[in-house]
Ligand SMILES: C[S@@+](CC[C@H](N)C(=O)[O-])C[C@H]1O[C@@H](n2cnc3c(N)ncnc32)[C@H](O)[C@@H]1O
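The chain that follows stands alone, in the form predicted on its own, written as structure tokens.
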């Protein structure tokens, strides 16, 4: 996939307060990969360094949430968990773009969901709509060959999301093929869409084309694990006239639909 790569967070680009907040939040979550990519956020939002830095300072207030997510993972036996690598960027995108409707396909424990919801709560507006078709862990311990995103016994989709954040959450359990068309028909617009469920070219293409009619100029579309989905995302990007923005060297990518010039 030909894509524009972005550089990771450069400490010199942010205030000392922002850098400290990022470091403390990352330690609280317990995921070294979660260092935010400043260039990725800037490319997807058009935000300047100062605006992004102010949002990242808010991560200080998210430390209790990060600690709670980490403790819930540990309690469920997930000492090493396959989760979204960009939780802080997801938070920043929602804070900067202020979408009325965020849609995600794929939830598992709810790391991405929790950060979307935290940002919507800070915005005091907006709603998260999530779709998940869970797989379930067969025994008390994760067996060889089982996916790390399988639900541990006795837990449900989104088990790491605190109850206090769930008021703005529309969670639908079942296949995306059934729920996403129905959801798209209900919404007047989608400001941000994240694909993170079944990573096949056909499935990603289906989801992108399903949400496409509801994407307004300036809407952001994200897809994870695109090494597995071939040309589906670049093809969609070409069809909407937007460049593919890759988060560093990984396979999490995004695009922002072109903003129409003022008439």
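Numbering follows the first chain given and starts at 1. In this text, all values refer to a predicted model and were calculated from it rather than measured experimentally.
Unshown form predicted together with the named molecule; subsequent notes refer to it.
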Identify whether the named molecule in the predicted bound form is within 4.5 Å of every residue in the set 131, 198 and 203, based on non-hydrogen atoms.
-> yes
Choose from 181-189, 162-170, 98-106, 119-127 the stretch whose residues reach within 4.5 Å of the named molecule in the predicted bound form, heavy atoms counted.
-> 98-106
Is the gap between residue 135 and the named molecule in the predicted bound form 4.5 Å or less for some heavy atom pair?
-> yes
Contact flag, residue 152 vs the named molecule in the predicted bound form, heavy atom cut 4.5 Å = no
Are any of the heavy atoms in residue 174 no more than 4.5 Å from a heavy atom of the named molecule in the predicted bound form?
-> yes
Heavy atom to heavy atom, is residue 111 within 4.5 Å of the named molecule in the predicted bound form?
-> yes
